[in-house]
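Have a look below at one chain only, the form predicted alone, in structure tokens format.
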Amino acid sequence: MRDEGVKWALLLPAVGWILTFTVYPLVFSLLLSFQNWNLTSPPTWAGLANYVRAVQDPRTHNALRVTGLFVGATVAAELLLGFALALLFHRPMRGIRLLRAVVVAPLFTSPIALAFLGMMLFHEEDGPIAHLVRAVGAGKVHWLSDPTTALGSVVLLDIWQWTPFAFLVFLAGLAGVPQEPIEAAIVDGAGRWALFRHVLLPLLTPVIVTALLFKLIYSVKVFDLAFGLTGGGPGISTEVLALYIHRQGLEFFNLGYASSLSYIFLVLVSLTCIGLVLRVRHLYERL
């Protein structure tokens, strides 16, 4: 009986934390998504109007498009570069520990600090990239003030920061690959491409899907980098969905509409993640 009391006493803080900071905000925001509230007057019931507005809102469509482009570009580039770097640094070489430390250093940079660093790097007159572009004889590039290049600038900074994450995951995966299948394939006369395609890649597939899952979740909810580097501009060319929700809720005070957008966002991300988790589970069951 005493042990039972101790158990509940130890669980109580965690349960209280979850109820206060997870369950209550979720329930409150769900109820709020069916209301109109701008903080200056009492909330009024709106039914599904906020969800209908979200589906018809051109700016929501733009935010979804920008988020999709950002996710597709960053996830693909970071996984490919991270995998290539992991293959390169998996082999023994002089100074390997120092090189690995240099490669993973960007991962520990604050996104807001990285955004300010990006402002300096992409400065159109005096930035180091501008000097480099002029040195090769190319014209002036409006990295952050041109809608066609601004999103690319955000993508490049994200790739620089998060490629080390994929590198670490793949490096750990390579370290855990059993040597027996590789040695057997070499004895059977498999070349380097056949060894990679038919032995190494299948063994690493669960690791690849896991890295894809984690990076996908981060990229979909990106906010700080776009907010700090471009503020969603020029115009709305880099306004990702999380930034649009932030503006609706904390700049325009359309709290009900922002909540409905958040729940649409939550459902889209959850469905994507559930699909990937089921895929990872299926792959592990086959191993």
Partner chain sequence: MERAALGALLLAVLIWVLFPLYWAGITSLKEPTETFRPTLLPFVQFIPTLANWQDQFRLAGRDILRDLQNSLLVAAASASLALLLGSMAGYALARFPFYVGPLRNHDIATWFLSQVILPPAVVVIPFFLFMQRLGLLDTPLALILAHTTMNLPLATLLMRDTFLSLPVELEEAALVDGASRLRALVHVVLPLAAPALVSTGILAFAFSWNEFIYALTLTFERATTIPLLIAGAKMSQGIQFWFVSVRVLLALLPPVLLAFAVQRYVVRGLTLGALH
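Here the structure is a predicted model, which is why all the values come from computation and not from measurement. Residue numbers count along the first chain shown, from 1. Only the largest set of C-alpha atoms that superpose within 1.5 Å between the two forms is called the rigid core.
Beyond the structure shown, there is the form predicted in complex with the partner chain, which is absent from this document and is the topic of what follows.
Only one of 195-203, 96-104, 182-190, 72-80 places residue heavy atoms within 4.5 angstroms of the partner chain in the model of the complex, namely 96-104. Not displayed here, the partner chain is kept clear of Gly139 by more than 4.5 Å at the level of heavy atoms in the model of the complex. Taking the partner from elsewhere, Ile245 is found to have a heavy atom lying within 4.5 Å of the partner chain in the model of the complex. By the criterion of a heavy atom within 4.5 Å, Phe223 is counted among the residues contacting the partner chain in the model of the complex. At a distance threshold of 4.5 angstroms between non-hydrogen atoms, Ser262 is in contact with the partner chain in the model of the complex. Annotation for 118-143: interface residues with the partner chain in the model of the complex are Met119, Met120, Leu121, His123, Asp126, Pro128, His131 [heavy atom within 4.5 Å].
For Gly16, a C-alpha deviation of 2 angstroms or more is recorded between the shown form and the other one after rigid-core alignment. A movement of the C-alpha atom of Val277 reaching 2 angstroms or beyond is seen between the shown form and the other one when the two forms are aligned on their rigid core.
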